[in-house]
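Heads up, the chain below is alone and in the form predicted on its own; it's given as structure tokens.
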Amino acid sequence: MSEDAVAVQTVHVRIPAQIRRLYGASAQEQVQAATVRAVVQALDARFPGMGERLMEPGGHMRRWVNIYVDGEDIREKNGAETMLRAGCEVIIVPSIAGGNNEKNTATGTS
């Protein structure tokens, strides 16, 4: 079903501090969208450049970005084509990497 044939809904989007600081966004934004892809497009229209930070040029979500709709990972649903319902919560979570499991020789801690 194309997005044009689907009713566009108002959804709540939670944006992490790392991203919102770059674009002047609020911690929570409301957008009109029927799919996760449309959320990214709406955010990019409001905050130019945010879309390319979240999606690859080919339209796939960037690997370092995790998006949840009402607590469910979109990778386990339909990815960027995951359908949204009115009032649902879309959460953008950047992947966190780093750390070292080796013993810290300077302090003697791990």
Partner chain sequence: MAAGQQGSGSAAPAAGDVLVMVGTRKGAFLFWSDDARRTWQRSEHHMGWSTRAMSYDARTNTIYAAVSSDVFGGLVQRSRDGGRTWEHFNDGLDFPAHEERRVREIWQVQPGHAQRPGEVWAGTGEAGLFRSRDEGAHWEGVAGLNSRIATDNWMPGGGGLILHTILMDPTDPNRIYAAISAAGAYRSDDGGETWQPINKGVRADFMPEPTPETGHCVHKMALHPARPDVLFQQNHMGFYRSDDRGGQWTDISEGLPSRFGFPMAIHAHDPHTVYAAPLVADERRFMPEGQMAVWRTRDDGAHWQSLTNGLPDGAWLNVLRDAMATDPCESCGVYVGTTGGHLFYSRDEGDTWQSLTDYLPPVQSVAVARVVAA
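All values reported here derive from a predicted model rather than from experimental measurement. Positions refer to the first chain, counted from 1.
Just so you know, the form predicted together with the partner chain exists too; it's not on screen, but the next bit is about it.
Mapping the unseen interface onto this chain, Ile91 falls outside it, with no heavy atom inside 4.5 Å of the partner chain in the model of the complex. Remark: Glu81 does not count among the residues lining the partner chain in the model of the complex, judged by a heavy atom distance of 4.5 Å or less.
Although the partner is absent here, Asp44 sits close enough that one of its heavy atoms falls within 4.5 Å of the partner chain in the model of the complex. Proximity of Gly71 to the partner chain in the model of the complex falls outside the 4.5 Å heavy atom cutoff. Not one of Val8, Val13 and Ala33 places a heavy atom within 4.5 Å of the partner chain in the model of the complex. Residues are counted as partner-facing when one of their heavy atoms sits within 4.5 Å of the partner chain in the model of the complex; in 48-65 these are Pro48, Gly49, Glu52, Arg53, Leu54, Glu56, Pro57, Gly58, Arg62, Arg63, Trp64, Val65, in sequence order.
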